[in-house]
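In the form predicted alone, a lone chain appears below as structure tokens.
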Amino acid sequence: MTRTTDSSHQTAADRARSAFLDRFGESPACVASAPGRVNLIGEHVDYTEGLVLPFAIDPRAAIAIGIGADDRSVFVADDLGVSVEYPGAPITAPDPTPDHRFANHLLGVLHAAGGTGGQPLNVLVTSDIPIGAGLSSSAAVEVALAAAVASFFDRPADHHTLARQAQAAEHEFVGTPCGIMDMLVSAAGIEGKALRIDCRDLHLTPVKMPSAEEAVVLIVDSGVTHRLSDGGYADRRDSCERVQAVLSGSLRDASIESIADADLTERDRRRATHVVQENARVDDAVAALEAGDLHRLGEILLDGHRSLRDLFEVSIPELDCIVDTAADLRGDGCFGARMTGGGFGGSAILLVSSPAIEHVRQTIERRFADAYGRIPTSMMVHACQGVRLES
């Protein structure tokens, strides 16, 4: 992890430090921040040992921690105006209270990181990452806390360790059986690069993103909040696991032919077909980036969206509207688009020629407003550094 002293603007880390002082009357012992992420391609394949191509983005979540006073632990989500208190050290099991949902992300990380040694702990969270927009706000919080805890208690803090602790929190405390992609790119992100992650061995290969003069990435939020722990995500994962049981092996090693010949339901067959084809799209996208062929990359994004919509069935009409509009703008400033994240809501990612960004944005807003009576929020994002300690 690197340290930074950037004080040019009020970052999530600045806000966490200030809010911690206001809430607890002393400066935090440690502040760490971690970014959200956008996945260019490679959706719903990380939990089947597949290939993904995400990058860390500018918006970040920050964690400030310090020793608890009065023999109690306090968790504060400052942006949400929510806090939870526990007598003594933080509890070591999920908190079942509905209003305490956010606390389980923190409790799970602390548990996976080895606990606090019986020490009461104050934890304060701030974030610039929109919640429910498919940009991995939860993973960023979890990775930031894992980094802060590692620094505070002088424990191992390599990227893979932090990512595994965050993933364990999702599995064991939050109830989302997610893959490791979101956490790993939040931990290991590199300025100006996407990361090709092989989810079988977690090998990372940096891939240069287009320059700002060539193209920009525009994120358009559908405004439909998704929550992966609501069941749709787990249902898709169950489908993949059923197919793997029939094939007696990972979908990473499957072919379209082996899926066609297997004894599967039509729904499971469609979902498995998406996974096999999506893995191939990742390496096609890497090749397109390395060749500087943004038109080809745009085709791959659109193909990936059609697969997520028709085969994996995780898109929604609002996302389809955004992507269909982007497809209509091919040749007029937009290279391509697709939904990004787990689906059932969230955002779409658009690859746009830099001079055309406002034209594309305004066209998306107009058509979306015509269909849904509201203007979607959007933002440009860049490939940024992963987790860091804030001095």
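In this text the structure is predicted, and so the values were computed from the model without any measurement. One rule holds for the numbers: they count along the sequence shown, beginning at 1.
What follows is about the form predicted in complex with a small molecule, which we do not show.
Figure note: of the listed segments 149 to 157, 248 to 256, 173 to 181, 113 to 121, the one touching the small molecule in the predicted complex, with heavy atoms no more than 4.5 Å away, is 173 to 181.
When the small molecule is considered in the predicted complex, residue 60 lies well away from it, no heavy atom lying within 4.5 Å.
Interface residue remark: residue 341 is counted as part of the site for the small molecule in the predicted complex, having a heavy atom within 4.5 Å. Residue 42 belongs to the set of residues with a heavy atom inside 4.5 Å of the small molecule in the predicted complex.
For residue 233, a non-hydrogen atom is located within 4.5 Å of the small molecule in the predicted complex, even though that partner is not displayed.
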